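Okay, here we've got a single chain as structure tokens, the form predicted on its own, with questions on binding and movement later.
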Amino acid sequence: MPESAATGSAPGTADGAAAAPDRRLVKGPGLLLVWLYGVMVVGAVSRSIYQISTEFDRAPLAYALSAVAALVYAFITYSLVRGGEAARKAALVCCAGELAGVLLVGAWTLVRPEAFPDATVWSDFGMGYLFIPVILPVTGMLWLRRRR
């Protein structure tokens, strides 16, 4: 029997490291990031589902943007948990997009508040969520760049 079959490792590796994705993204501070992004997923998804299903005609732009934020948070959470280099790169790009969205929507809500009769997750740079939406992508990008 070949050594890799006897030890349970992938062919060509001594310990099976190539067979399992790199989970280093969720160790230490990465675990806190996953937890915070998970909380944001729950908050943004529940908020957008409720608002879209009950009062979408009142502020369609705000509620659609909250749904977009929920999708972004879900994708980043998935990427962090999945691990590996491709997931790290995807999460890094998505965090940059998230930060751009928070800054754009945050500025938009200050300059043209009449366009937002109700708040989004990213309104006023995430003030309704204790500014976590503007802090989280910066922290995520720093962590993901460090884990390279």
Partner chain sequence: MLDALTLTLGVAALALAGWCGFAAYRDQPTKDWHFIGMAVVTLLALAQLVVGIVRLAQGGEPDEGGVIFVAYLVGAFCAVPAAGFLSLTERTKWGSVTVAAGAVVLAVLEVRLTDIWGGTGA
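Computed from a prediction, not measured in an experiment: that's the story for all the values here. Numbering follows the first chain given and starts at 1.
What comes next is about the form predicted together with its partner chain, which is not displayed.
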Heavy atom within 4.5 Å of its partner chain in the model of the complex: which of A90, V45, V39, A96?
V39
In the model of the complex, the residue from P60, P29, G101, G84 that sits within 4.5 Å of its partner chain by heavy atoms:
P29
Within 4.5 Å of its partner chain in the model of the complex, heavy atom basis, the matching stretch of 64 to 72, 105 to 113, 118 to 126, 29 to 37 is 29 to 37
Is Y50 close enough to touch its partner chain in the model of the complex, meaning at least one heavy atom pair within 4.5 Å?
yes
Go through 115 to 140 residue by residue and record those having a heavy atom within 4.5 Å of its partner chain in the model of the complex; state none if no residue qualifies.
L130
